[in-house]
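Shown here is one chain on its own, the form predicted alone, set out as structure tokens.
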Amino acid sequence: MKDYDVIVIGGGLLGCFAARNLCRRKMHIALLEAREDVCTGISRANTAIVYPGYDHKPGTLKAEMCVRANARFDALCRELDVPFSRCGSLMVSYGEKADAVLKKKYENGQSMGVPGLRLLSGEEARKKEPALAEGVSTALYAATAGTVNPWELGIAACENAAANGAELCLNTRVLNIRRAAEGYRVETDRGDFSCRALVNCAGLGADRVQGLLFPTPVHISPDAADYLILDRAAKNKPAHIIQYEPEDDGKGFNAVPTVEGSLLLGPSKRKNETDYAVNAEGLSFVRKRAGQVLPGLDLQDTIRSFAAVRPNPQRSDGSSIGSFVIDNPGPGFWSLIGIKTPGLTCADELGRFVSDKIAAELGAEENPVFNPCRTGIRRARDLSLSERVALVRENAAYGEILCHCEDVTKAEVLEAIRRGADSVDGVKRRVGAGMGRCQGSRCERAVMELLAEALDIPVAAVRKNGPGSEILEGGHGKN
């Protein structure tokens, strides 16, 4: 049996940041993930917005964390060497009912001290963002809103945790949890682990993980969502994040200029669904909303559609949850069980919260050698021509472009593999190979050959895709 001070269950954004922050103390830490890589569940498919904090009820933990997390996000991304775009957002309305909602959000933001908030007239909004459809009545401008690549951020946090001593255990599915004399015994399909404290970050399966030993205060219902991605060369893209507050009681809409330069549109919402396959009705909804809000977009510039599965935590009586639910049902047992939007924004804050609680319980001292900084994979496309020439002289593999759409070199793919990518999807999520206009049709074979050579397996045995709808059966849901 392997012994640890703390075990984190679930290698999504929350688990990776919990592990990273636990490393700030002198503790022996393990991160258990049921799948073959981190950030393959909820974290791999979401709207990618770093929220400013005006959306939540003042005084709640969610509201306080969101405002604080947003203010720290530039520093966090510098530490982890991850691109972050503080492009600002415009939430727009087209009628009196939606205008009132925006005014209330503005008042919430003002009461919480959200900086850079302004209520704009329709004319001011269209002057700031000409791509908007005519007829805008009000817009709430948030200067501090931004966007980040969710899985890149989570992978960076995991790499930083590992560099600071945390042990990553992939393909390790939790089967049961029992009390032990000095903590907990975690039984997995890869053997048993013991720990003095445990953090449940199992995402869609967090309620079931807690239910292995303790009652759960919430039930997690999965909702599916559909998205479209427009090519970076698409015309009439907005420069800001656009959020649409509908006049009716329907679902809103987001248009997000990503850090890679593409445009993300969505989501739709399909309640109580776990299917990672896109839905025709959901995509039709996204296209309709895009046409209503940003009529100048040419949806023929769509390069990809995808679906996501997201948690919808509810109390046992079916009522919704207005804040984060962090449960502590037993000594040293902490559950991030009721976490939804803005979970991406607050991942580091949530990790700090549970690490502080556990450190206090275990009497753990500060780790004087903790290093919060991580160096990302060097990207040739971000360099000047002279810098790129010098890099090729240093490493000839930087002179061989494998993914022409995203300008990804052989050296970058090899480094992604060295850092843990063992599938085409794993490489894509680390360096972007296959994310451009051709969606991998020209580079996939070359990536597979490099993976086969590094893993010493036949090319035909290389895995291409990440998780699909089986995630609830074979991934987090069975943790």
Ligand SMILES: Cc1cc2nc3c(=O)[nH]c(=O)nc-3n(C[C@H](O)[C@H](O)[C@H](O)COP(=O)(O)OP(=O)(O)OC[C@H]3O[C@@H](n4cnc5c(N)ncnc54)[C@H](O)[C@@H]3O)c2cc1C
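Throughout, we count residues from 1 along the sequence that is shown. The shown structure was predicted, so the numbers you read here are calculated from the model rather than taken from an experiment.
Not pictured, yet referred to below: the form predicted in complex with this ligand.
- Of the candidate stretches 26-34, 432-440, 414-422, 446-454, only 26-34 contains residues with a heavy atom within 4.5 Å of this ligand in the predicted complex.
- Put simply, residue 42 is close to this ligand in the predicted complex: some heavy atom of it is within 4.5 Å.
- Heavy atoms of residue 199 never reach within 4.5 Å of this ligand in the predicted complex, leaving it off the interface.
- Proximity of residue 305 to this ligand in the predicted complex: non-hydrogen atoms within 4.5 Å are absent; the residue sits far from the partner.
- The shortest heavy atom separation between residue 85 and this ligand in the predicted complex exceeds 4.5 Å.
- Screening 158, 114, 174, 286 for any heavy atom within 4.5 Å of this ligand in the predicted complex leaves a single hit, 174.
- For the options 257, 311, 282, 183, the residue carrying a heavy atom within 4.5 angstroms of this ligand in the predicted complex is 311.
- Contacts with this ligand in the predicted complex, taken as any heavy atom within 4.5 Å, map to no residue of 59-98.
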